[in-house]
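Just the one chain here, laid out as structure tokens, in the form predicted alone.
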């Protein structure tokens, strides 16, 4: 893999591209931020769902033994379930303008001996520590501008470490979209410091959706949408940099996730692209409903060898599995939508308001070896579909099952079901947690020694609005309709988060 990235070039990629300059520009007035704070406070008095976007009760949370509500942990399931998400939204009477701008809090649910313990800790990034000391927000985020901001020297000055986690090399990495991964102790969750894969990559973006081969090799990317390029990382199972490559001529669309086959990496630049000047990073993006998405496929063994395709206009956060058939055609699943949630919905939540966003639908795409591409089908039933998961033992293969959250709540905020899609028959089975619940991502955990693709468990969290508490749920992946095999409930409600990871014992 190419190592052409020098330290100077790495800094120029983001700092000189205009990203840092944009974040350091004049912010919105204090009244607008205070209005955000007051609007949410008023809504919280009458709308129970706002509990999901309340700041964490404390920077450190611990429950040595989580209460068992029903069932028991199935035999063979032991390890630690990690999660990450925004958890601090207010300082000094100001509330951030966008959900994605909250500082990250990582959680560890330890399953051992039939019991569950919980620990949650704010990630002590440089940003977090400086703002704790100052008692106010000092830097702007994706969609939030702060008045009188502190000087910014690079992306990690605004790193919220709030999106996902990656257990690797004896550590736990807290991941964000636009800067370094943050190293945590995988037991205590104590923050160790930012991760530098190589001197010339210090401070470079390491995205929040790494893909893991069956041998433990990790692939990831870091995007520079201002200069139409990205870095591709290859990380060994022991957490060491195995290679890096600068991929040029990547359209500046907001790429949150990607997918991979056994031989290829697939990146889709959506129709939501950097195309204008603005006071925030998000404001620089514009929805281009007549602009096709650009798909870039690169070979793992030769990242300079690429194919490109066009797909109809769209935007997506997350992908399911991808695979390549004997003819060389590539197929993948994706939850497609538009820009309405990232631009409007995630802002409305911070004000305690409901915004009618376009639901994400489950789509299946084919990229023909000959150069054509199309969306073969789009599933509208039981949308909004999000957080797709599958048995990772089948990564890059023609897998039959895909799991998503779906069934929007009647209040119009979040989903209330976990769904199992049989991609062979089109059948959908599900467990509905009820209209009083908001369901978060559920991970598939293969059963040790299991052979069938759906032989395993789904583990995930939900917010119960009746008890005002977060629940940990374990389901049989083969029979979701039977309901949870075990439910545990914390003595508090956690802010709703994004993504997680599993580390078995």
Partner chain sequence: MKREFKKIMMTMLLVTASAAPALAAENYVKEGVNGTANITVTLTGVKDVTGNIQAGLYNSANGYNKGGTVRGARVDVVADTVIITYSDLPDGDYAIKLFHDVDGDGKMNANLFGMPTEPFAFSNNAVGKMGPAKWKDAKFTVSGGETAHAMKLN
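Owing to the predicted nature of the structure, the values given are computational and were not obtained by experimental measurement. Residue numbers count along the first chain shown, from 1.
Beyond the structure shown, there is the form predicted in complex with the partner chain, which is absent from this document and is the topic of what follows.
Chemist: Given that the partner is absent here, does residue 101 sit within 4.5 Å of the partner chain in the predicted complex, heavy atoms only?
Modeler: Judged by the heavy-atom cut-off of 4.5 Å, residue 101 is well away from the partner chain in the predicted complex.
Chemist: Using heavy atoms and a 4.5 Å limit, would one call residue 226 a contact residue for the partner chain in the predicted complex?
Modeler: Although the partner chain is absent here, residue 226 would touch it in the predicted complex, with heavy atoms inside 4.5 Å.
Chemist: Give a yes or no for residue 236: in the predicted complex, does one of its heavy atoms lie within 4.5 Å of a heavy atom belonging to the partner chain?
Modeler: Contact with the partner chain, no.
Chemist: Any chance residue 155 has a heavy atom within 4.5 Å of the partner chain in the predicted complex?
Modeler: Looking in the predicted complex, residue contacts with the partner chain include residue 155, since a heavy atom lies within 4.5 Å.
Chemist: Within 4.5 Å of the partner chain in the predicted complex, heavy atoms considered, which of 246, 402, 373, 288?
Modeler: Selected option: 246.
Chemist: Pick from 230, 265, 184, 139: which has a non-hydrogen atom within 4.5 Å of the partner chain in the predicted complex?
Modeler: Result of the distance check: 230.
Chemist: Among 197 to 205, 307 to 315, 347 to 355, 289 to 297, mark the stretch whose residues have heavy atoms within 4.5 Å of the partner chain in the predicted complex.
Modeler: Single hit among the candidates: 197 to 205.
Chemist: Select from 178 to 196 the residues with a non-hydrogen atom within 4.5 Å of the partner chain in the predicted complex and write them out in sequence order.
Modeler: The stretch does not touch the partner at all.
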